[in-house]
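One chain comes next, on its own, written as structure tokens: the form predicted alone.
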Amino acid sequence: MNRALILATVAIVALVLVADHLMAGTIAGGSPASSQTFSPTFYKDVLPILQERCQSCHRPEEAAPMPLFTYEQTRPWAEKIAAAVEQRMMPPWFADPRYGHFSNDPSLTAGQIATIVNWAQAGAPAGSANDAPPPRKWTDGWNIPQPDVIVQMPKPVAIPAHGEVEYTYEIVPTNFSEDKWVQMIEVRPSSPAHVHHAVVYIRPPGSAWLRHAPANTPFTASMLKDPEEQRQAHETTSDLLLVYAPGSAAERFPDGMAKFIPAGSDLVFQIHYTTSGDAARDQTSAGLVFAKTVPARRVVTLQLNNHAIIIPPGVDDFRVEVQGTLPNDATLLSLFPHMHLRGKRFEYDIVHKDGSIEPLLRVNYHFHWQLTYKLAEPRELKAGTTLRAIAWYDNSKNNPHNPDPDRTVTWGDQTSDEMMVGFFDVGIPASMDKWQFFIRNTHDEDHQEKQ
């Protein structure tokens, strides 16, 4: 089945339904966007917007259900595209614009929205092909430059048609004979419609984690012989290479920053598959682009999480909070909230010493579009800085995604359970590993208290 079509089923159905409703109201009834008088054409006015904001997903073998490269491909969707952009449903972005600025914000400007709406209202004229900008060049099969190395799970995983699937692991030796610094990363499932999420871990040489598990073949925790290793399968101090979830994009770290993979490391793919009524197979890959020189900063992924969530049945705005302090100085780069189907809102804050709150991000959470929010200006944070994450859940019957509003919901692996994780990437000195970062320098923190 076509990868692009199956991934975007939920998103496009929602888009079409809302668009059908809106065409008779918002657009036909007139709006600020439609009050303008100029008559845009596809080649001169609309295609540049599609190239800049839409084609990263709307191209073959990508997340969106249809490519938007040519007039012939775009014209049948003109009215629905206009409705989607006017309602700011597309491009997908869920951050409250009042808080923070993010370098990967794909939101259209008011002028771009007006251009598309007016073009659709005018009958979607093509205009002259001579006005078209040069085609944008994309790397075939990737959203990053051609990877230096592609690490693929050696054996595909068979996904059943029905039922819940235990977390599946596959350990892949990198066989790197020297240390590697990775500046760009992309994780690509071959069956994305069945991947709830995937985490790729960097397991360094000598790590005891999953040490007796088989390599190069899929397995689950229940297949391990040692009960202690079964329990520890979900627990590791290994750094994350990348987290993939619906709507995730490739990772590109700023110049001078990269993830570190020690020589002789393994990559551990941990994937949560979901069933859809049809059996499938998945063979996920990770593409790596190496930094040209040793960077000044090493990127590590940290998280604020609260495993003690207990969401009562029927509540529509249940609040869960967690906070922690940074043990050392770090540069905050990005934020990635993760919840399940009852997720409603998520926020990150800095809690200052005087008790005042500085919002970093407010997200109206959308399970089917789990996005990373990259700070437009990386934020320098001192040791002792308190970070807070707050999540709200809708466990009521008014939540159309809620699998069971009569159930008390707790932390769990499956989509019908819930999670509360606030991932965030930080830059630390290249010479410092994750263990060293968590060794607190109490002298430095005492100094900060006195300032």
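This structure is a prediction, so every number in the text was calculated from the model and none was measured. In case it trips you up, residue 1 is the first one in the sequence shown, and so on.
The same protein also has a form predicted in complex with ligand HEC, omitted here; what follows describes it.
Q: When the contact criterion is heavy atoms within 4.5 Å, does A258 count as touching ligand HEC in the model of the complex?
A: So A258 does not count as contacting ligand HEC.
Q: Against ligand HEC in the model of the complex, would P92 count as a contact residue? Criterion: heavy atoms within 4.5 Å.
A: Result yes; P92 sits at the interface with ligand HEC in the model of the complex.
Q: Is A63 one of the residues lying within 4.5 Å of ligand HEC in the model of the complex, judged by heavy atom distances?
A: Yes, A63 sits close enough to ligand HEC in the model of the complex that at least one of its heavy atoms falls within 4.5 Å.
Q: Indicate whether R407 is a 4.5 Å heavy atom neighbour of ligand HEC in the model of the complex.
A: Result no; R407 lies far from ligand HEC in the model of the complex.
Q: Pick from 411-419, 64-72, 397-405, 381-389: which stretch has non-hydrogen atoms within 4.5 Å of ligand HEC in the model of the complex?
A: In short, 64-72.
Q: Check each of G247, P154, P173, G127 and return the one that places a heavy atom within 4.5 angstroms of ligand HEC in the model of the complex.
A: Spelling it out, the residue with a heavy atom inside the cut-off is G247.
Q: Answer with one of W369, F219, F290, W209: the residue that has a non-hydrogen atom within 4.5 Å of ligand HEC in the model of the complex.
A: Partner contact (heavy atom, 4.5 Å) among the options: W369.
Q: Counting only heavy atoms, which residues in 43-68 are within 4.5 Å of ligand HEC in the model of the complex?
A: The stretch 43-68, when checked against ligand HEC in the model of the complex, contributes L50, R53, C54, S56, C57, H58, A63, A64, P65, M66, L68 at the 4.5 Å heavy-atom cut-off.
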